[in-house]
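The chain below stands alone and is given in structure tokens; this is the form predicted on its own.
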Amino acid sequence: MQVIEKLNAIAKKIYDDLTRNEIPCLSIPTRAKSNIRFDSKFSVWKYGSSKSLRSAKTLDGAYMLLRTMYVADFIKKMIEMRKSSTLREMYYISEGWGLAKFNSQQESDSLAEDLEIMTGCLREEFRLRPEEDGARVIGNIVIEEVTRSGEKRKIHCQDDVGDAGYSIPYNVEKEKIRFREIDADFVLAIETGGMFDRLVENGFDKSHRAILVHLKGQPARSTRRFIKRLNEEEKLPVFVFTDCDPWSYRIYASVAYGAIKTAHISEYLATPAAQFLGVTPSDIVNYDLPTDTLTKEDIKALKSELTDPRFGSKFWKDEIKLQLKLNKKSEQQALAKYGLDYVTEVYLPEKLMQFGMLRK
């Protein structure tokens, strides 16, 4: 299996160093903001050419290499036994590794990411699961999922689910789920659970032929991958509907362009074609929305986004500058000022018309 072969190659590198009486070391792209670049060709974050050397020359480096070997062995055993583990479980399992035990879960999570970078494999292929659940989906789409027993089951994400929708699993690759039937015009990824529930209750998925995806705030990797597959494989336009604040803009950016933390797999997760359909500073003015005053942290984040290449378009610069001038932010659910049906009968249709998705 490819994953095991690549993990074996890392172990062999350490073994060969020892047999040559050399200090064991491993090379990995420098995981620092200074080594992150925005690839304008692919519109995603990527690591640059700078490399860091993990060496047993120092005590900390020796501990890190020791932990790397333990984690690689742990992953191999899980694959061979057809089991999986959460990242949290791996952290606690290290309690039995003696000198190789982790001091914090942040250390173990970071090492799992290091192994992704070194092997070119994904955490999902390591059979490591995140703690958070995947997003919820409602729409006219039939998904074929491999069950725990290994059988294939078809799920219609309107007829075969409750109000909560279909829950995206941590592994969304073709060996786990396939899209069998789709009768929809676009994907609408929604930041908040309250707004997702509002759209479901109002039947927006049926009335506007939409696949609704609840992002649950900053979206999980499986959610971003699921959205990317719908866009690339099924050619469905993707729109991201968020609150009007700098943190929500970053949620959109993580869907569209990737995040710095996952720069090594941005091309796998990001959907550069995704378009922002969220509440904008202009909407605060045009729709006379209820607002809150920006905090110092909000202002700092907005100013930072003015220099972020993901927000380099005229649209973003104009909107961010307007927001700083207004000194206000607003939420999706502020649209309820005009009634519970306003967002589905007026606001979203008007927005979608601007993108050519609906006709007057």
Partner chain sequence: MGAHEGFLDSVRVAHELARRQKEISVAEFFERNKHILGFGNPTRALVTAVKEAVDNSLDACEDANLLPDIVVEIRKGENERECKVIVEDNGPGILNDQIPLVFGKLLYGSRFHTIKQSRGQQGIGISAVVLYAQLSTGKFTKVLSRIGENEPAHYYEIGIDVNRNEPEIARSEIVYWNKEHGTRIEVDIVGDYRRGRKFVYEYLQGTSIVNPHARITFIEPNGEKHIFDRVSNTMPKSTLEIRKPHPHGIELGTLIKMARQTKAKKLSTFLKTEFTSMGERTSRAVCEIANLDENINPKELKREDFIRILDAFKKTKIMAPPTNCLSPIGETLIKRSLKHETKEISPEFIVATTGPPSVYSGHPFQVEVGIVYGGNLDKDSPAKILRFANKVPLLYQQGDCVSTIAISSIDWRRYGLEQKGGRGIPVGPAIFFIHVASTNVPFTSESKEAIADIPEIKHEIELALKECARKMQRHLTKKERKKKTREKFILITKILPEIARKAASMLNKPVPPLDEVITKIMDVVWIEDSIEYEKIEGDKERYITKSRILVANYRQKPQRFNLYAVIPEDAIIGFVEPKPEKITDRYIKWNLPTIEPISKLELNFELAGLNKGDFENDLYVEGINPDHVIGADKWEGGD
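Basically, rigid core = biggest C-alpha set you can superpose within 1.5 Å across the two forms. Bear in mind the structure is a predicted one, so any value in this text is a computation, not a measurement. Residue numbers count along the first chain shown, from 1.
One more form of this protein, predicted together with the partner chain, exists but is not displayed; see below.
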- Item | Location of the partner chain contact in the predicted bound form, chosen stretch of 34-42, 331-339, 297-305, 52-60 [non-hydrogen atom, 4.5 Å] | 52-60
- Message: Quick check on Met81: any heavy atom within 4.5 Å of the partner chain in the predicted bound form?
- Response: no
- Item | Any non-hydrogen atom of Lys76 within 4.5 angstroms of the partner chain in the predicted bound form | yes
- Any of the heavy atoms of Trp316 lying within 4.5 Å of the partner chain in the predicted bound form? no
- Task: Using a 4.5 Å heavy atom cut-off, state whether Pro24 contacts the partner chain in the predicted bound form.
- Result: yes
- Message: Going by heavy atom distances of 4.5 angstroms or less, which of Ala72, Leu269, Leu230, Val279 would be at the interface with the partner chain in the predicted bound form?
- Response: Ala72
- Query: the partner chain in the predicted bound form: within 4.5 Å of a heavy atom of each of Ala220, Ile260 and Thr262?
  - Reply: no
- the partner chain in the predicted bound form - contacting residues of 12-41, heavy atom within 4.5 Å: Lys12, Ile14, Tyr15, Leu18, Thr19, Asn21, Glu22, Ile23, Pro24
- Message: Following rigid core alignment, is the displacement of the Arg54 C-alpha between this form and the one not shown equal to or greater than 2 angstroms?
- Response: yes
- By the 2 angstroms cut-off, has the C-alpha of Asp16 moved between this form and the one not shown once the rigid core is superposed? yes
- Message: Aligned on the rigid core, do the two forms place the Cα of Gly150 2 Å or more apart, comparing between this form and the one not shown?
- Response: no
